[in-house]
Each structure stands twice: as structure tokens, then as C-alpha cells.
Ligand SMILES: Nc1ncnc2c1ncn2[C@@H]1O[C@H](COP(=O)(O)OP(=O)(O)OP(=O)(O)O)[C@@H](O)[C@H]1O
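As a starting point, one isolated chain is supplied in C-alpha cells, in the form predicted alone.
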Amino acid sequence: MNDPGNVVDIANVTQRFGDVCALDDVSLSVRRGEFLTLLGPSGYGKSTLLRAVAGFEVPTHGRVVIDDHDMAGVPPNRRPVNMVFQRPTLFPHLDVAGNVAFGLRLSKVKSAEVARRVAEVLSLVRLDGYGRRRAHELSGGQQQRVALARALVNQPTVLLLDEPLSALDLRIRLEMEVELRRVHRESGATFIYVTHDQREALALSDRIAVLDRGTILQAGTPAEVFDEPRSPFVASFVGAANVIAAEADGQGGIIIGGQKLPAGMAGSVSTLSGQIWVVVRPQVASFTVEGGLVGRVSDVAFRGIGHEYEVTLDGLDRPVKVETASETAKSFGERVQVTWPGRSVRILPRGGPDD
């Protein structure tokens, strides 16, 4: 029996396209009223999973249950979901109100009810007074709000959003993030959102599911996924952490590139021994005069509020990133020492399937 708090249950879904396995035995539940984000690189199964929920893909194996109803054999137009795509694709021959009302008129909803619900949802997305405008008279952000209103007006059990902000410029994306959070909060709807932008996922979500090559590596709150990654892939993809190859000596010591990590930088490794990953966020790393890991600055980028550095540590091929707000910039090629607080270190075993 499904948890009554879940509105969507995805059970052991596998999706194959010929020899390609797009989804590999994926199971995931979505709580009613939740904003769940499917996060991962392009081509790693996010949109395929969303389309399986929508009914545009029929899973090779497994099932999708929505509101305790198995969706096997139920076509997309009969499912209690609506979808917002990357581009709004508004009907050019209809005005804003006509676009929003399109699904209601197909369902033969009475005119008075159509007018009421269209006005209500346009107010929700802050497009009051835009009902008579045409698509070409709207900005990209306004068009995407119309698409959102068109999906919400049918009062779906679940709203599916497939990278709806990716085609917008940065300023409008940031504005739309605020609007999406507000619309989700005020509508009380269940959102399943797809993105490859980890910053966007962290800003919007109640919970994030990180996908890697068709499997879910980790699901949790934004803070859990960011602060407590369970694999090197999640650590590096969510927040661009440094994932540094190291050796634990079994006595609490860590060796990185032949350099012994100072005790204050080691974190807690207890009696671990053998190959490990040391996970450190660029934001907690800094430079020190002594007592750090020695290396050379191999790249410098100014980021407005500070600098982002790549430092190639002695004995390592892959550079580590350091982000600092220091006014005194380091120079390309400069010899430096890198440090970080041990409490900010996360240790992961090395030799797993996603190493």
C-alpha cells in the first residue's frame, strides 16, 4: 500500500531505447504539495523520467502511480498532470486569455467558470491586465508565465516543469525563480521540476533527486545534498566541491599528493585506511602563510565579490578550486599554501562505481 502522503510513486522504472538504458530501476516518491527537483547533467535521464510520469514515454519495466492510480495504459491527456516545457510555445492566433483558457474550453467548462479561473490564475502569475495581449507583445519571462498559468488553470494534481527557465537570460531567470517559489507556495500544487543547474535546484526545491546515468544517486533536502554528499559525483556536481584523491594511514592521518595533511585540516577519519576522497568546498578553502598544502596558482578569475583560483597542488594533476573575497589577488604561477577548516571536510571511500 502506498504512503497516503505521496501523490506520485515511481516504482522500479527502467526505460530502454534500443541498447541505451535511459533509466535504470528508478524508484522515487513525491509528497503532496512538494517541490521536487530532478537534477543532473544533460542526457542523464531527468526528462525521460518526467515524460514517463506525463505518459509521453511508456516504461520498459516498472510503474508510475499518481494519487493511488496505476498509470499503466493511461494516455497523457487522461493523466492528472500538466507540463510546462523549455519554451512556452503559445498559440500566436490567441491572446493571453485565450491561451490560458484553451484546455478549459476543450473540456467544455462553462464560460463564466472559464473567465473566473483565467482571471484567478493570471493574477497568481502577476499578469493581471495582460489578457488581451498577443504572444509577440510579451517578453520571454512573461511568455513563460503564461505557459505556467495555462498549465495551472486546469488544476492538475501534479505540475511537471521541464527546464522552463533554461531559455531565459540570467536576470529574467532569477526573477522567475522568485515567481516560481511564490506560485508554488500560494497554489499549494505539487511540482516536479527538471534542471541541470544546481544553483537553480538549491534555490527552488523542497527536495532534490540527483541523477547520474539513469540512476538516482541521492535524494534529500537541498542542505542535505549540498552538505552531506554521499558520492564523488554528487559532491562535485552539486556545489562544484573539490573532490581530492588521498590516502588515509589508519591512524587519523591523510596524505594528499605526497603531502601530509596538517591535523587541523584533516577532519575526522578515525581509523580509516587506504584510498579515500577528501571533499572540500571552494568557499571554505583559503590561503595561508604556513601550515597548508603547497602548490602553484594555475588560473585566476575575478568574480566581482572576490577571486576564483585554481591551484595545482604539488603531487597532484588535477587542480583544486579556492574562492576568496580577499582584496589582495594572487598571481598566475605564484607559489601558495592552501588551507581549510577540518570541520568542513567530508571523507568518502574511493573505489565506488561513480569514482
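The first residue of the shown sequence is 1; numbering continues from there. Since this is a predicted model, take the numbers as computed values, not measurements.
There is another form of this protein, the form predicted together with the named molecule, and it is not shown here; the text below is about that form.
S.K.: Pick from 66-74, 309-317, 37-45, 289-297: which stretch has non-hydrogen atoms within 4.5 Å of the named molecule in the predicted bound form?
M.R.: Checking each option against the 4.5 Å cut-off leaves 37-45.
S.K.: Quick one: does Glu163 come within 4.5 Å of the named molecule in the predicted bound form, counting heavy atoms only?
M.R.: Result yes; Glu163 sits at the interface with the named molecule in the predicted bound form.
S.K.: Does Ala22 reach the named molecule in the predicted bound form if we count a contact as any heavy atom within 4.5 Å?
M.R.: Close contact exists here: in the predicted bound form, Ala22 approaches the named molecule to within 4.5 Å, heavy atoms only.
S.K.: Heavy atom to heavy atom, is Phe332 within 4.5 Å of the named molecule in the predicted bound form?
M.R.: Although the named molecule is absent here, Phe332 would stay clear of it in the predicted bound form, with no heavy atoms inside 4.5 Å.
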